[in-house]
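One chain comes next, on its own, written out as structure tokens in the form predicted on its own.
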Amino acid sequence: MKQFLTTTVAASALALMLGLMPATAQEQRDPNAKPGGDIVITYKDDVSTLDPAIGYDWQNWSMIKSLFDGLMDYEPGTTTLRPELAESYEISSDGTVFTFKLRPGVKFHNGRDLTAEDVKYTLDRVTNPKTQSPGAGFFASIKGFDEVAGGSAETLSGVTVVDPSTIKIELSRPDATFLHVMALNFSHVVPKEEVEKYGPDFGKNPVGTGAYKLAEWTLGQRLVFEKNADYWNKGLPYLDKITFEVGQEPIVALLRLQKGEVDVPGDGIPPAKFQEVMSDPAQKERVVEGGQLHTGYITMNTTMAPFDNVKVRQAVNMAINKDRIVQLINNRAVPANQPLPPSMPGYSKDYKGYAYDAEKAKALLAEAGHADGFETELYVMNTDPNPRIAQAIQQDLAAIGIKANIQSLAQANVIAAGGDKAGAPMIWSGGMGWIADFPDPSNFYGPILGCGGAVPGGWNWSWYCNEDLDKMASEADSITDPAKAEERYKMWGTIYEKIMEDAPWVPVFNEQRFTMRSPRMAGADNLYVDPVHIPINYDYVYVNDVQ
């Protein structure tokens, strides 16, 4: 996995250096794919938003990707970049000017043609602080970003409409990740008139150019996506309709799958049923397993006492028994000692991290002035196994004198608390733990550990901001020469080691993905554990019982 990802990033960097203009390759379709049919997918919690500028959790991520499109995307089931709304693109020899030519004939769901003005509006909107996009920091390399972020400008000076089908984006510095950024949901194109029509409710009334259109959203019950008959990528999607049923407990969803009432349990296999499923040949045959660029972690709000003391945060790192937590999830993960997962370039193989040692943790806590411990709150998503993991964390903290009261809430409530500086002292990220937006070490920094993510509504729930590391991160991402890729990855490894010295997190484990599908669901396995269209690439799956 690491070798493949390294090759992908290096290839992108080579394109940066040489200013290549990749032509759109003819897509290879599944010859067995049958158009038509509908499926049912279940989730325990409702979806918070379908606005691409705002939505940022694993549940709505691929839903948004099916409703909207970006300039770039990835080949289905892979991490290989390719143009999407861009028919082609040019990159200057110094890697700072990107010129994208848009595909002809692309229409929004409201019937209007897509133009370069829509791309500019989208980028201006996502970077405007009024939007409160948790992904705004991804666009920091675009000229004019600082002015927009600071409120002195409304539009990005580096984004120019050349003509109705051409958009030019100038960067203030070379950025080895920029094509990946153009594939993120945050840069997926939205129509100005629909955003202005619905205002804050656009996320409940999404209008994009994607393969599906939102046909119904009954809060607390279901969302229904229907096929976009005018989709520019002819032949897709294969399905006529997808019904997302919400409010379904994972164990109930599994039972319904066994009865043929559900096609994919969106929350995966309930941990309490995992061994049972894997020991039953009929059920195991429906299981799809895949690796993922994931880390589950505990955040500590570094602006809130007593977690504003680094010794307290280091003590918490020493207090957590990660091996026991991995056992709680049937060993479907490996213990983590740093933010990056092992398969990501930049992972420090020789870094040891904080060993589990309750006695040393107590001693360090005493040095920090908390010999008698303290009381705090630990927020957790209320879907199994996360409450059980939180209880294990609670027990580990109690062993060193920290009384952590568990706040077990719906996903959206935990996310809201994390994005509030005065909200959650501690969060167990399980169910929301970081899965890379794109396969590059920088992605584990900006939104969740960088200063740009420490904003209201952001995902830097530790509110950690080290300006020296921000500068070092910018230097690393200015290296676009593929011959210096290892140098760049080494810089990122150093950044994460320095972060661990400050200990804003407790990295707990790196998880494998397991999902199930009904016998009628078809398509390649990697579509069901797609590394980018998480958790499922809805545009390319199909059913095998269409008449």
Partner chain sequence: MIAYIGRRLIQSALILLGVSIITFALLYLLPADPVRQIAGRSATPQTVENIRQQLGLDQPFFVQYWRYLTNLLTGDLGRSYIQRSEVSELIVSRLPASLLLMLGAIFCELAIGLTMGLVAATKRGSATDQTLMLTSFVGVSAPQFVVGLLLLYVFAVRLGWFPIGGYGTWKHLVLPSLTLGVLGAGWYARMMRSSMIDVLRQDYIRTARAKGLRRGTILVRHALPNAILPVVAMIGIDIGIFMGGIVVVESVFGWPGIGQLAWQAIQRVDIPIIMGVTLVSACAIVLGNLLADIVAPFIDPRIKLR
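Keep in mind that what you see is a predicted model, and the values were worked out from it rather than measured. Rigid core here is just the name for the largest C-alpha set that superposes within 1.5 Å across the two forms. Positions refer to the first chain, counted from 1.
This next part talks about the form predicted together with the partner chain, which is not shown.
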Would Ala149 count as a contact of the partner chain in the model of the complex, using a 4.5 angstroms cut-off between non-hydrogen atoms? yes
Decide whether Pro129 counts as a contact residue for the partner chain in the model of the complex under a heavy atom distance cut-off of 4.5 Å. yes
With heavy atoms only and a cut-off of 4.5 Å, decide whether Thr515 touches the partner chain in the model of the complex. no
Answer yes if any heavy atom of Tyr56 is within 4.5 Å of a heavy atom of the partner chain in the model of the complex; otherwise answer no. yes
Whether Pro345, Gly346 and Tyr496 jointly form a contact site for the partner chain in the model of the complex is the question; each needs a heavy atom within 4.5 Å. no
Have a look at Pro83, Gly135, Gly266, Pro425 for me and say which one sits with a heavy atom within 4.5 Å of the partner chain in the model of the complex. Gly135
Interface check vs the partner chain in the model of the complex: of Pro385, Pro447, Pro341, Pro237, the one with a heavy atom inside 4.5 Å is Pro447
In the model of the complex, which of the stretches 430 to 438, 283 to 291, 317 to 325, 358 to 366 has residues with heavy atoms within 4.5 Å of the partner chain? 430 to 438
Output the sequence-ordered list of residues from 230 to 249 with at least one heavy atom within 4.5 Å of the partner chain in the model of the complex. Gly247, Gln248, Glu249
How about Leu81 - superposed on the rigid core, does its CA move between the shown form and the other one by 2 Å or more? no
Core superposition between the shown form and the other one, C-alpha change of Asp384 at least 2 Å: yes
